[in-house]
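In the block that follows, a single chain appears as structure tokens, in the form predicted alone.
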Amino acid sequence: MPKHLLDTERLTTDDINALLDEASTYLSPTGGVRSLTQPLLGQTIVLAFFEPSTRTRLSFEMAAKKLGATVLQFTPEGSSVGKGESLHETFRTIEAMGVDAIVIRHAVDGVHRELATWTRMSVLNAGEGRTAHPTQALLDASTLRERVGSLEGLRVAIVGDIAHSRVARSNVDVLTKCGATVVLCAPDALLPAEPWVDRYERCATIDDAMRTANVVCMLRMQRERFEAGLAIDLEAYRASYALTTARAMATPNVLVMHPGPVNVGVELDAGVLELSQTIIHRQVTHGVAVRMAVLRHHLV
């Protein structure tokens, strides 16, 4: 039976720690990523990204190649999907080629789970709609664990467009399973009207959040997912929710994270990227190591 990574909800705390422990072995003493062996030699992995991606797609590709796998890129543009072929038939065609795993990013919730019900390939979720981005949550936890040790008792504020963020949902799940306290900070229009939100503390402004947080995880406004009629006053948003350089420098002990891409000048100032408390680029490095651990776990 193939092993799938569809979301984080099915991962136990022990599962998460095992993946993070393995990922740490791929991090070199000089800060890069190494491959100790090539356990996926002879296996083929397809990257099927139906939405734009830089960090996730490239890090999955690098992770697979470091482990010895053959990587094939599927692009919807120019494929048979553009000729009207159904996703189901496209995936069956890919499976028939002898592919071992498929890494998918898709805007429609449920695509990964539906595929996993019938395919012999391992299905790995590289981002789905607004509900799940499991490897991003794992790499965020990995980055924090390297910097501060145990996540137990850590206070993490998630700030920004939570309503449209798959990262926020997966991060809340993984961080709480690792013992962290999660605080949500967003205007009402950018908070999901879902029951899970009520289980978490809320802060009215980023200034309130940063007074007690150890970590602030900034999210971009995903305007491409805004419902018709939803408009945000950018000036008012920045006044209450943007991480300006002055705000960050006033709280030098608060670590700064962002899943990328950063909308500089909206949720975060350019100057913040250069501060020592900012670990955004370290997140990218951990992304390769964590995805190596995920691939090896699901394919060996």
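Numbers for residues come from their place in the sequence shown, where the first is 1. Predicted model only: the values in this text are computed from it and were never measured.
We do not show the form predicted together with a small molecule, though everything after this point is about it.
The three residues Arg105, Gln222 and Pro261 all sit with a heavy atom within 4.5 Å of the small molecule in the predicted bound form. Contact with the small molecule in the predicted bound form, defined as any heavy atom within 4.5 Å, is confined among 88-96, 184-192, 165-173, 107-115 to 165-173. This chain appears without its partner; in the predicted bound form, the one residue of Asn125, Thr143, Gln136, Ser122 with a heavy atom within 4.5 Å of the small molecule is Gln136. In summary, among the residues Arg247, Arg55, Lys65, Arg238, the only one with a non-hydrogen atom within 4.5 Å of the small molecule in the predicted bound form is Arg55.
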